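Taking the form predicted on its own, here's one chain by itself in structure tokens.
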């Protein structure tokens, strides 16, 4: 198996309504990633496209629709999607094409243009529920995430204020991100606690709204990476796992599927003690409680311990375990699959020393990114080294 490096990344603005089409956003992200990598489109051997369901863009066969904007013309081209989990799973798909020897350079391009859907992209999920068990309850996404958040808080006795601190941290971190949609240097815990209730205990400032955006990564074999890049960042471990679709069949207080995916990635990366060996982490945070949930699933905190770490400042950008230094989805925005730019892309920039004002102190050597998708039961994990 060949070594694989990330040698370039790019992302567009994340905004509620961007004027650019999905193709144009892909083109912009690709330009930035290739420029940073010092390559041109002719140097790319294959293209991986990542996105959430077609209905989020209102475009059928979205992979084919985005092909030319993503640089896939006359090249091997494939689309993967695992909902929000695509943010780490599409780079994994790019990784295996290079690691296997099928390609020397792979371009990974993720896109989402959710503002195309009226009145709200969530309506795309109206018919995914089991017609006998679920549909009579009239569930929606916020509804079921609120149920998971409530279970997490109840089992471990977590105070809502400790969860709100995540939203405050990430929105303040996002002030330093040039693509951020939701940055707020002055937000407080009280602001979060006093915001509109969506579905208790989820309030408006606990959740990231729909966004438009695109991001891209350039992955390369070791030979190519050492020729063209002075700061390659190596993908040293990957993992993914999916659990039962039915939330009634698993304990919502702990993401067991994520723990298994993390163990796969740590095993491949030869990490024996992730709490001591990981320098920076970008867990998937579409809700503030999910950062905490996912830190525990990544085995970087004991069950119910992540809120304490947040309260004590451990997860601040200058803390012992910088968590979402980008600002995450809560601060930068949430164009589902395109959040690859603030998960995998951010870990690349941090380990390459290219994060600018977001750069964590010291010289981080090991980073972990993670994404979460399907219906609360899938996670993808990637471990990267400088």
Partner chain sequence: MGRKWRGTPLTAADIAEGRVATAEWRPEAKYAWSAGESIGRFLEELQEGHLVGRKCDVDDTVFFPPRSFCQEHFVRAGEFVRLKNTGKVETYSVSYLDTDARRLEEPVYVGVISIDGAAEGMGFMHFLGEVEEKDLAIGMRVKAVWKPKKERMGAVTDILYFKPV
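In this text the structure is predicted, and so the values were computed from the model without any measurement. Residue numbers count along the first chain shown, from 1.
Omitted from view is the form predicted in complex with its partner chain, to which the following refers.
Interface residue among 308, 189, 175, 126, judged by heavy atoms within 4.5 Å of its partner chain in the predicted complex: 126.
The listed set 263, 150, 231, 194 contains one residue whose heavy atoms approach its partner chain in the predicted complex to within 4.5 Å, identified as 150. Per the 4.5 Å heavy atom criterion, its partner chain in the predicted complex is contacted by stretch 245 to 253, the sole one of 245 to 253, 159 to 167, 222 to 230, 290 to 298. Contact check for residue 275: no non-hydrogen atom falls within 4.5 Å of its partner chain in the predicted complex.
Under a 4.5 angstroms non-hydrogen atom cutoff, its partner chain in the predicted complex has residue 146 among its neighbouring residues.
Of the heavy atoms in residue 135, some are within 4.5 Å of its partner chain in the predicted complex. Taking non-hydrogen atoms only, residue 368 never approaches its partner chain to within 4.5 angstroms in the predicted complex. Although its partner chain is not shown here, in the predicted complex the stretch 1 to 29 places heavy atoms of 11, 12, 13, 15, 17, 18, 19, 20, 28 within 4.5 Å of it, in sequence order.
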